[in-house]
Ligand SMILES: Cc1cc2nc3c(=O)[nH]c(=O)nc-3n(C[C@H](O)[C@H](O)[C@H](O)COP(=O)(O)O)c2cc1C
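Quick heads-up: it's one chain on its own, the form predicted on its own, in structure tokens.
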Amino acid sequence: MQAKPEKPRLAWAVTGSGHYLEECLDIVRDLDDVDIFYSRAGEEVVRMYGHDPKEVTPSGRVYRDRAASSPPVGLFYRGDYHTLVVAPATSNTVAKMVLGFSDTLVTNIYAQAGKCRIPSIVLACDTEPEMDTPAPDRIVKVWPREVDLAHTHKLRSYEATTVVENPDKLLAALTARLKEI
């Protein structure tokens, strides 16, 4: 495990969605003191969209979902992070967060952030009944299922969790949070 940073940092988790991926990566690149946590699918999708996962945050640490026990969760216990951002968050990740599953790196750090009273900001991908979303080679129309929309709605009620619908609202919520600390 790496040395504890001098001051708490921002933890940013990326899941396997191309929806708002480019906008999220743009926000990350403009931040200081941020570490990236990739789900397995998140790392794959970042590559599919033409990015090197290691280069998204050249000055930050990068964690990948490669261990059953998610060792990086210990960083939340020792106070390395002041905020967790999960963006973009797939419907699968949102459902697991709502149901309390912590079986991936991302869902595990979300659970541990909550247990440590570290605020989370989640950019859920499924927020509207009909959406246009980028695939690696084109824009496609998608219709999120009612269950996906219901999970997004339910996550809004969770303590220390802010759910946003688009990158502008993500940036506004993150800016407000950074001013608090």
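Residues carry their position along the shown sequence, with the first being 1. Computed from a prediction, not measured in an experiment: that's the story for all the values here.
Beyond what is shown, the protein has a form predicted together with the ligand; the following relates to that form.
By the criterion of a heavy atom within 4.5 Å, residue 133 is counted among the residues contacting the ligand in the model of the complex. None of the heavy atoms of residue 143 is located within 4.5 Å of the ligand in the model of the complex.
At a distance threshold of 4.5 angstroms between non-hydrogen atoms, residue 152 is out of contact with the ligand in the model of the complex.
Contact check for residue 90: a non-hydrogen atom falls within 4.5 Å of the ligand in the model of the complex.
For the options 34, 27, 118, 41, the residue carrying a heavy atom within 4.5 angstroms of the ligand in the model of the complex is 41. Only one segment in the set 48-56, 110-118, 152-160, 66-74 has any non-hydrogen atom within 4.5 angstroms of the ligand in the model of the complex, and it is 48-56. For the partner-free chain shown, 15, 16, 17, 18, 19 of 15-37 come within 4.5 angstroms of the ligand in the model of the complex, judged by any non-hydrogen atom.
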